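The data below hold one chain only, encoded as structure tokens and taken in the form predicted alone.
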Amino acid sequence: MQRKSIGNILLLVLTLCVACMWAFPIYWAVITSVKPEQEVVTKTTFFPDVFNFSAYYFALFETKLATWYVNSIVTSIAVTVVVILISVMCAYALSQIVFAGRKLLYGIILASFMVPSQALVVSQFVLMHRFGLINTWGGIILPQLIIPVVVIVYKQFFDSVPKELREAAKLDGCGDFQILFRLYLPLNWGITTALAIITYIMAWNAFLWPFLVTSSEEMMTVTVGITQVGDAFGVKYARDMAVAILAAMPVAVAYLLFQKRVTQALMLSSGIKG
């Protein structure tokens, strides 16, 4: 019994140490953002001598952070809504409707996991250029709409629904769209919410594709825009930290509010059955 309590204490101490190691960079970023620039470059202190919020004033009023916020919100919401709609319909068809090539199509979706998204950026860029979507919301959104894991998670759920439920709805005169949106989808609102949250966070954090497809600051998302914050006289560490904190804040708040749903989505996506 005594050994067990000692083990629990050691585990608690280890957990606290790991938590402190994880939280320290966040603490350092916040502290750096409220220091005067001169103190940042001349002193290494764990607490500022004077609190200075000029870096936040610069980030809010002398950059295009508000525009970048709007771009990120619009594109992230659009990606989330379209991904969920496309994925749920695709998964329903693969799970409940018998048609030629169904297994082949599902195999292609599974095989797409082996293709890194970075390998597609050149062909995607050429395609967006031909469509005239470079430096537009559409150009940012379209290549992010294919997320195979969402289709697979939905399909696993639909496979678990008894076939008799669909047959009974068919006898009552319901079509497949009615069955999907009025019967199947309400059964898995928890899964849908979890997948929507994780998809939104992924779209918000996307950097490589928005960086490639946008060229004007007015169309940049937050993750791309913060890389454009600079100064002719060198790096301003407090300003950079303030902009980074403001850029990350919406996702951090969303994660804290929907922590259980995000964890559920990660468990679903990592525990997929073949």
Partner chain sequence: MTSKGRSKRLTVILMIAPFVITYLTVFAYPVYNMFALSFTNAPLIGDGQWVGFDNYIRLLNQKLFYTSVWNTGYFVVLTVAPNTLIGLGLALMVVRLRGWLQSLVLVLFFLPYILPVSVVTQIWQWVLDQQFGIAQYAIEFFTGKRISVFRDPLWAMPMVALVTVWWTNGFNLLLFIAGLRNIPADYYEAATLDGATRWQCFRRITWPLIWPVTALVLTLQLILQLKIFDQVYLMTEGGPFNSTYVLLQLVYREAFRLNHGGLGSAVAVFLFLIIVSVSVLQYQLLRVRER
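Positions refer to the first chain, counted from 1. Here the structure is a predicted model, which is why all the values come from computation and not from measurement. So that the term is clear: the rigid core is the largest set of C-alpha atoms that superpose within 1.5 Å between two forms.
From this point on, the text means the form predicted together with the partner chain, which you will not see here.
S.K.: For this chain shown on its own, do I73, V153 and W189 all sit within 4.5 Å of the partner chain in the model of the complex, going by heavy atoms?
M.R.: Not a single listed residue reaches the partner chain in the model of the complex, so no.
S.K.: Applying a 4.5 Å heavy atom distance criterion, does L257 contact the partner chain in the model of the complex?
M.R.: Heavy-atom contact with the partner chain at 4.5 Å: absent for L257.
S.K.: Is Q124 a contact residue for the partner chain in the model of the complex, using a 4.5 Å heavy atom cut-off?
M.R.: Heavy-atom contact with the partner chain at 4.5 Å: present for Q124.
S.K.: Taking 4.5 angstroms as the cut-off for heavy atoms, does A194 touch the partner chain in the model of the complex?
M.R.: Outside the cut-off, so no.
S.K.: Is there a non-hydrogen atom of Y69 within 4.5 angstroms of a non-hydrogen atom of the partner chain in the model of the complex?
M.R.: Judged by the heavy-atom cut-off of 4.5 Å, Y69 is well away from the partner chain in the model of the complex.
S.K.: Which of L183, C174, I77, C90 has a heavy atom within 4.5 Å of the partner chain in the model of the complex?
M.R.: So the residue touching the partner chain in the model of the complex, by this definition, is C90.
S.K.: Check each residue of 22-59 against the partner chain in the model of the complex and list those with a heavy atom within 4.5 Å, in sequence order.
M.R.: Heavy-atom contacts to the partner chain in the model of the complex: W22, A23, F24, P25, I26, W28, A29, T32, V40, V41, T44, F46.
S.K.: Is it true that L10 shifts between the shown form and the other one by 2 Å or more at the Cα, once the core is aligned?
M.R.: True for L10: a C-alpha shift of 2 Å or more.
S.K.: Taking the rigid core as reference, does the Cα of V40 move 2 Å or more between the shown form and the other one?
M.R.: Yes, the C-alpha moves 2 Å or more.
S.K.: Take the rigid core as the frame of reference and indicate whether the C-alpha of I31 shifts by 2 Å or more between the shown form and the other one.
M.R.: After core superposition, the C-alpha of I31 moves 2 Å or more between the shown form and the other one.
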